[in-house]
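Only one chain comes next, encoded as structure tokens, the form predicted alone.
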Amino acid sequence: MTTSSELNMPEIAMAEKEAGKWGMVIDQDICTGCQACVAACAMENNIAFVGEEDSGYGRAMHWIRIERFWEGEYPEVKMTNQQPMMCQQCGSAPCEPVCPAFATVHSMAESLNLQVYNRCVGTRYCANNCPYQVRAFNWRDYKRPEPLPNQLNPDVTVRRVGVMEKCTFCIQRIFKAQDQAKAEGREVMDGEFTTACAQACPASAIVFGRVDDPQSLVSQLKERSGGKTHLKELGTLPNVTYFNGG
């Protein structure tokens, strides 16, 4: 008699091998925690500034944050590390199966976790099921005082109240590079474009690119020893690799 677990073995094996198309490598040893990536992400993706009051309630909208690690006891406390944390673009994302409106979907072509804003009804199930806590809920129609509306990116939608938001590896830049390459009859070249956070990093601690291309820089960096994925034991198959301590 064939069991249900036996039937699922091919799917499990396939998921374990899934590497994704786009990936990111972050070197924590050279990250200075300056938060230039946080500012660049906000500008690129039209992320609202929620203000002091909502920030105090934990309602900040950042799609990327800098987690800081400390050791020692007060007053002898020192910071040991910084970790940029954004959506890990999981190959087996726990946020996807819990969305009742199919707003959180997996792009098979790009191997990315996408957020369809006009489907989202704001249940926040995806945020509750995300082990990385990288999703933000839009609590209000936040106002942008002048001249901030002039910096809105026309390639990215401006979200309204009641939807979930998250990092998508600057998919608008991915599509733009792919359209340009297709028009020229070629593949997207390594280093032709990058995400806003990687572009803004003064220490070049963030590297983005094609992980399915063994010749790409990000693919070669992922093969270095010492690379780790966050919460690997959960089986989410993240596409962000961290290096720390060599």
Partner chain sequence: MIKKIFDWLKQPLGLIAVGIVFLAVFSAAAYGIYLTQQAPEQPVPEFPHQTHVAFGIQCLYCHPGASKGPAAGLPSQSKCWACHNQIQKTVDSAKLAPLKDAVINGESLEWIPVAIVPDFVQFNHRAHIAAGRNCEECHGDMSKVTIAENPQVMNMGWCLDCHIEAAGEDQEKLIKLSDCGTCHY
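Positions refer to the first chain, counted from 1. Only a predicted model underlies this, so the values are computations on that prediction, with no experimental measurement involved.
Same protein, other form: the form predicted in complex with its partner chain, not shown, and the subject of what follows.
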- Query: With the cut-off set at 4.5 Å between non-hydrogen atoms, does Glu187 touch its partner chain in the model of the complex?
  - Reply: no
- Message: Please tell me whether any heavy atom belonging to Gln220 falls inside 4.5 Å of a heavy atom of its partner chain, as the geometry stands in the model of the complex.
- Response: no
- Query: Can any non-hydrogen atom of Gln178 be found within 4.5 angstroms of its partner chain in the model of the complex?
  - Reply: yes
- Task: Give a yes or no for Glu96: in the model of the complex, does one of its heavy atoms lie within 4.5 Å of a heavy atom belonging to its partner chain?
- Result: no
- Message: Using a 4.5 Å heavy atom cut-off, which of 121 to 129, 83 to 91, 135 to 143, 104 to 112 contacts its partner chain in the model of the complex?
- Response: 104 to 112
- Message: Check for me: heavy atom within 4.5 Å of its partner chain in the model of the complex, for each of Gly191, Leu231 and Phe243, yes or no.
- Response: no
- Just give me the residues of 155 to 179, first to last, that have a heavy atom within 4.5 Å of its partner chain in the model of the complex. Asp155, Val156, Thr157, Val158, Ile171, Gln172, Phe175, Gln178, Asp179
